[in-house]
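Starting off, we have a lone chain in the form predicted on its own, written out as structure tokens.
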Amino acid sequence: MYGFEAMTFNIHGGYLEAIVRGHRAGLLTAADYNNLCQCETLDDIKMHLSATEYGPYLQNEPSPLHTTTIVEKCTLKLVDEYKHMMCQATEPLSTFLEYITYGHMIDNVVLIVTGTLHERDVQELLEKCHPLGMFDSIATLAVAQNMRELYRLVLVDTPLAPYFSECITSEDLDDMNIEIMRNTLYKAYLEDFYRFCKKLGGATAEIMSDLLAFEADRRAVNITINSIGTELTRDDRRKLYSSFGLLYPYGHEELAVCEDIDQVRGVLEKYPPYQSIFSKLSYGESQMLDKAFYEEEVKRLCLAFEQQFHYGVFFAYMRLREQEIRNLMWISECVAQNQKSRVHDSVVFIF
């Protein structure tokens, strides 16, 4: 326990913490996943999910089903739960819940800008956007030619506005610039969220600091691996790393000069929590790194539920649900494409 949270937390946060712990009990178990992996068609998956909390969302869907339909309906359930919690929340929990959606906003902005660059239809792009990251002026993103216009015409009225100060340039948008923009925005967002959680103090600060530090470190590793062999300089790479986390600052200095995956591995093996992740991978292998990171994240998110009287459970629940939807998408795709042998490759068991 930290201070007096137990005395006052339940006045405003007790009901919602009970709700989110109830939702967590509805997450799919290892037995559910094993049954889903045995399914022969998407209708079999729908039939199995009808016995879970996803049942009401899928029951009126006609055959033949598509993977996108299953993912869409499962995401709709997450959005409904989020909106219910948001309606009931008071400050500072309502601001905390808003912070959780900013990552989706960034992804949506990048999706629309990239799609427009490749001359895709805006309506089609809007349908692909994550519903938690929508905002009023999102459709007008398509008119922007460079970062400055993007900010001035659209994003100045959104919660992302403060994060744009670091990446406003007059350079035209191309794939490289857009990717740098995504990572710069994410860096500013994570640092802001981290400061906000620190300000809340108590168990929330401790648990969220750990979860956000892990997220920052994972992004640093991904940025390093994805920028190997590109024209991104070491200084540019260093600027994209967040200014907190277990790897900050010495690990970042070493990552900035890495030239291949094995050098990245050598840096991370100096840090015990990440040593265990790389011990599962053979040398030179990066394909399974994402899954190893997801497994470690799920382990940490589940631990957040072991303490009471903190906001970390809301973040943990949303992330676990998103991981579950990723699992369902992978299983559905494998079944739809008749690739049953690969079904276990990317499924991350939650319980």
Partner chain sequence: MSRSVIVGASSSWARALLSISPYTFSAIGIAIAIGISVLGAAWGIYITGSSLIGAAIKAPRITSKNLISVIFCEAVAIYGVIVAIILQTKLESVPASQLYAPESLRAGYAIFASGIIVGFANLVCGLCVGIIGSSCALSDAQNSSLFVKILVIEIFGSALGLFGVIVGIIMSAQATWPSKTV
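Positions refer to the first chain, counted from 1. Keep in mind the model is a prediction, meaning the values are calculated, not measured.
The discussion below concerns the form predicted together with the partner chain, not included here.
Comment: the partner chain is not present in this chain, but in the model of the complex one of F314, Y33, F309, Y54 has a heavy atom within 4.5 Å of it, namely F309. In the model of the complex, the partner chain lies within 4.5 Å of some heavy atom of R24.
Although the partner is absent here, V343 lies well away from the partner chain in the model of the complex, with no heavy atom inside 4.5 Å. When contacts are judged by a 4.5 Å heavy atom cut-off, M329 does not count as touching the partner chain in the model of the complex. At the 4.5 Å threshold, heavy atoms of A336 stay clear of the partner chain in the model of the complex, well away from it. From the list 288-296, 42-50, 65-73, 301-309, the contact stretch for the partner chain in the model of the complex under a 4.5 Å heavy atom rule is 301-309.
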